[in-house]
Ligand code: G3P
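Heads up, the chain below is alone and in the form predicted alone; it's given as structure tokens.
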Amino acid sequence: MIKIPKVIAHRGASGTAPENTLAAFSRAADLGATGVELDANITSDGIVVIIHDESVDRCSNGKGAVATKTFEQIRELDAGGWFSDEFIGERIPTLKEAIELIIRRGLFLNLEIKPSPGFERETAIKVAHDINEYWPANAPIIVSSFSETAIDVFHQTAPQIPCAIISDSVPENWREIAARYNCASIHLHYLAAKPDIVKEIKSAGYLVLVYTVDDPVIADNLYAIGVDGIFTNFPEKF
């Protein structure tokens, strides 16, 4: 079974650096994190970029949907100044750029496919292409998504990569989904990680990861019931 860090920096060290940027991933490593999580979407011309939202409004100085912008337009945006003056000039990175940094820093990667509505298939195909092209075979990775379509297409295109389903609450058919898509883990909102369901998932041979936990006391309680890892915005707290 894949070895997963107990603490994974959510969108990088997003509590102290602009989320989903190279600065956030570097800071996570500097703070001692051994794993990062990031979100992948595609531009209108099919380049995989690292951004959580469907639009660029919240985390850049731009406006509009990611799916309507070319990579050149995305690249012109400042993705750091919204967070603080320290990060003015930070750009929205490509998946290739993020992979290069993550491999160089020796980090585990949880890649979440975060497609714009209606672009689940296209996004999964492009992400799988970049993973097949740039991710080393021996480096630890899990690819996750809320979208079953995205996971289905990704698994068909990169079947060697372990996957995970994400859910705010455990779906009734989680066993069927997990088996179908070569899942290594189930990712839950931490409030849904009750002792009985954690035990049930782990007894079936899957890991349990939970999001998003910034309180060490809550984290300790989750570890005590068998949770394998947490996603946090503040890895330095752990």
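Not measured: the values here are computed from a predicted model. Numbers for residues come from their place in the sequence shown, where the first is 1.
Just so it is clear, the following notes concern the form predicted together with this ligand, a form of the same protein that is not shown.
Taken together, the three residues Asp39, His52 and Asn110 all lie with some non-hydrogen atom within 4.5 angstroms of this ligand in the model of the complex. Proximity of Phe234 to this ligand in the model of the complex falls outside the 4.5 Å heavy atom cutoff. Contact check for Ile166: a heavy atom falls within 4.5 Å of this ligand in the model of the complex.
Contact check for Lys126: every heavy atom lies farther than 4.5 Å from this ligand in the model of the complex. Taking the partner from elsewhere, Lys114 is found to have a heavy atom lying within 4.5 Å of this ligand in the model of the complex. The single contact residue among Tyr134, Phe71, Phe87, Phe146, judged by any heavy atom lying within 4.5 Å of this ligand in the model of the complex, is Phe146. Between the options Tyr181, Tyr211, Tyr206, Trp174, the residue in contact with this ligand in the model of the complex by a heavy atom within 4.5 angstroms is Tyr211. Annotation for 4-25: interface residues with this ligand in the model of the complex are His10, Arg11 [heavy atom within 4.5 Å].
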